[in-house]
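The chain that follows stands alone, in the form predicted on its own, written as structure tokens.
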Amino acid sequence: MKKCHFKNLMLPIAILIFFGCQQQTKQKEETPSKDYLNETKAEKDNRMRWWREAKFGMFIHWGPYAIPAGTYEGKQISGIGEWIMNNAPVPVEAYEDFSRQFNPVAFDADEWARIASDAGMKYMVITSKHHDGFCLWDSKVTNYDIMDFTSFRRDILRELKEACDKYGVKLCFYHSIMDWHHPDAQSAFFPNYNDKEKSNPNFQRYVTDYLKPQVEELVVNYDPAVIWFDGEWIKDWTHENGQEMYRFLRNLNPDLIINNRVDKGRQGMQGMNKDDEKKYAGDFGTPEQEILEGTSDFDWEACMTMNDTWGYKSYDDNWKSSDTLIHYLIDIVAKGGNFLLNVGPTAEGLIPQPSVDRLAEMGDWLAINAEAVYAAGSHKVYKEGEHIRYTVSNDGKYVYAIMLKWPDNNSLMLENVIPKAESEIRLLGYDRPLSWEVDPEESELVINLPKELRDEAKRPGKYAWSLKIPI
């Protein structure tokens, strides 16, 4: 018998492995990507279901801009806090000093997720990277991130992912298309980073070699439910870029939801897409600091600050009241939208106490009125007068008339809903049914409110009250 020489066997085995790998690679390359821009209505409805039912989310703007907190070289800088690099302006090298100092030792992902959950928020959208280019995760594409550029050396997004999973809050990422730090993305006309007419000849290289690999990291490694783009208004970002990015990300995760700022369709702060022959990518509109005047056939989400800034500014104390924020939520839900409400944590990693207090009050209100909000749809008439908003239960069996103001007398008259005969009308949070009648002449529903509830202290909760009406 001849001796079997091991080294003689290795060559054919290596050849077989090589050609097998080549064949797999070829098959992978030849596998066509699906064009998710052309999904059916049923497919989109199924994908968007959780988001449409969620109604309320937390926006978080956080990064090195929390260190100057609105002040640079002894001067308070006008504008929103996260834009200080542009508005001061702060040179790249000087801003990197802020990034190196970013050491949020008080950051507690569990506490943030608990605050959101207790507030009744169903999802959280945090700035993975804002326009300043600094990354809050351990990116392998750059060292300009929390793990490599600071002494903190903790993956913030990983910790938030685990905490959000614990509390049943869906984690989502804001990501800036614009990047003031990356040389291939900066305008050639420093410091006018936001000038729509300026361009960078290497921008497409930035898209290919930096932007796409980074969002791929986010989707593959952290499984976000939403990617929330921003900064699409710059000249370098094109409609074709937007469509390609949308297809790219949906092929990574077909269930992913992506806002309309991935493309060029958004009309300013009003946030909805232009009426144009182009098919713009994006799953929902993004009104900023405002609420649509009425309903829309296109999904939408109003994003808003609690004070006047997104990123933390130490001297911004112009806080919206809890009742204002609750009324905003009700108005948005009645019009078929979602409410994404912002907090801007400090450089230490603390959500400011005024934000925490308001979120706690919103959570108390939602604990009583949840069924009038979550999964609720728009009524055929979303409002009556100034102080009534309507929503409809997901199964269509109930209309909720939400009172933004308690009536001055002991009865409430409604023109736009007639209850099912001999049914019970309930005030959410109150343990007895209310008496009611339909005025035959006026065709109005008259609901008699308990006299005892004229005393504010005896009402179920504060700021707004929901009547559950079977139809």
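All residue numbers are counted from 1 along the displayed sequence. Please read all numbers here as calculations on a predicted model, not as lab measurements.
Keep in mind the form predicted together with a small molecule is missing from the figure; the text below concerns it.
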property: Proximity to the small molecule in the predicted complex (heavy atom, within 4.5 Å), stretch among 258-266, 91-99, 137-145, 209-217; result: 258-266
property: Every residue of His130, Glu288 and Trp310 near the small molecule in the predicted complex, heavy atom within 4.5 Å; result: yes
property: Contact residue in the predicted complex, from Cys303, Ile156, Val373, Ile177 (heavy atom within 4.5 Å of the small molecule); result: Cys303
property: Heavy atom within 4.5 Å of the small molecule in the predicted complex - residue from Asp118, Asp331, Asp230, Asp236; result: Asp230
property: 4.5 Å heavy atom contact, His61 to the small molecule in the predicted complex; result: yes
property: Any non-hydrogen atom of Trp83 within 4.5 angstroms of the small molecule in the predicted complex; result: yes
